[in-house]
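Only one chain is given next, in C-alpha cells, and it is the form predicted alone.
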C-alpha cells in the first residue's frame, strides 16, 4: 500500500508540473482529488488492513493529498503569472493600428478658401476685436444713435461702463469695425480682408446668433465701382465655379455711398429661375463705395482717397456653392456627426 501511495503522489505531481493552463489543472484536480478520484479509490482498500496498517496508510495518504493540493495551487499561480506576462508584453516593432484622422470643419475650410482667393490678388488677412466699442461698430461708420441696428433688440451690448470717448461696449454685429481700425493702422493703399465672428439676436434657416463674416476693404487713389465689380466677378469664378457670376442692386447702407446688394446666380439653375431662387439670383451680401464721412473718421481725406467695402456671411457664402444643396445654415453649428462626416 505504501508503494502505491508513493507512486500516486509522484504521478500526480509530475502531471501537475507539466500542466500549461487552468483547464488542465482543473482536470487533474478532479482526477486525483475528486469524489471518484484516485485518492478515494485507494481508501476503498482500507477495510482489508489491520488497525496498525490503517493508521500508517491513512497518515501517508493525507500527506499525499496535501502535497497534491499544494502542487495544484503553486502550478495555478505559475500559470496565471505566465499568462499575465504574455498579456503585458508589447512588441514595439509590431505594425500599429492607425488612428482615425479627422478633417477640418466646413466653416474652417470655407475661411481658408476665402482667404486664399483674396490673398492671390494682394489682400492681407487681418483680425480685429470681436468685443468692440460703439465708435468702431456704429458711430464711426456713420450710424447715428437713432439707427435701428443700435437698438438693444438688434445688437448684444455688454453690461459694462461706457468709454468716455468710444461709447458702449458691444459684441461685434459685423466685421465692418475693421474698416476704421485698418485705416488707423496703415495708410493707403489698403487691401484688407477681415474674417471674424459676429453676433446678432437672430435665429432661422439663414441666421444664427453667432456667425462668421468676411469684410473686404480697398482704399487708394482713383478707386471706383468698376474695381468693386471686377473683384466680385473674380471671387465668384474662383470660389463658386466658372459658371457663376454676380450682379449689383442699388441699396442703402450707412457706411457706403453708393451702396449695393450683391447677388449671385443660383447654383441650381444658373440664373434661369427655379423653385429655390424664384428669379435666378440669390443675395450674397452688401457692398458699396466707402462713405466720405467714414474715410474722415478713419483719418483719410475723401478728396484724395476713395475705396469700396463689402461684408458677406461666411456661412451664407458657403451654402451657395454649386453642388452643396444646403438650404439651412443651422446644421453647421449642431455638431451632428451624421452631417459633418459627409464632408
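Positions refer to the first chain, counted from 1. These numbers were taken from a predicted model, which means no experiment stands behind them.
Only in words, not in the display: the form predicted in complex with a small molecule, which the text now covers.
Q: Does at least one non-hydrogen atom of residue 132 fall within 4.5 angstroms of the small molecule in the predicted bound form?
A: No, residue 132 stays farther than 4.5 Å from the small molecule in the predicted bound form.
Q: Is there a heavy atom of residue 68 lying 4.5 Å or less from a heavy atom of the small molecule in the predicted bound form?
A: Although the small molecule is absent here, residue 68 would stay clear of it in the predicted bound form, with no heavy atoms inside 4.5 Å.
Q: Verify the contact flag for residue 255: yes if a non-hydrogen atom of it lies within 4.5 Å of a non-hydrogen atom of the small molecule in the predicted bound form, no if not.
A: Contact with the small molecule, yes.
Q: Consider residue 286 of the chain shown here, and say whether it contacts the small molecule in the predicted bound form, taking contact as heavy atoms within 4.5 Å.
A: Residue 286 belongs to the contact set for the small molecule.
Q: When you measure heavy atoms, are 178, 194 and 333 every one within 4.5 angstroms of the small molecule in the predicted bound form?
A: Not one of the three qualifies.
Q: Go through 200, 168, 150, 247 and name the one with a heavy atom inside 4.5 Å of the small molecule in the predicted bound form.
A: Flagged contact: 200.
Q: If contact means any heavy atom within 4.5 Å, which of 101 to 109, 118 to 126, 170 to 178, 265 to 273 contacts the small molecule in the predicted bound form?
A: Of the options, only 170 to 178 has residues within 4.5 Å of the partner.
Q: Explain in one word, closer or farther, how the Cα atoms of residue 153 and residue 253 are placed in the predicted bound form relative to this form, where the distance changes by 3 Å or more.
A: Closer in the predicted bound form, by 3 Å or more.
Q: Report the direction of the Cα distance change between residue 149 and residue 158 in the predicted bound form, compared with the displayed form, as closer or farther; the change is 3 Å or more.
A: They are farther apart; the C-alpha distance rises by 3 Å or more in the predicted bound form.
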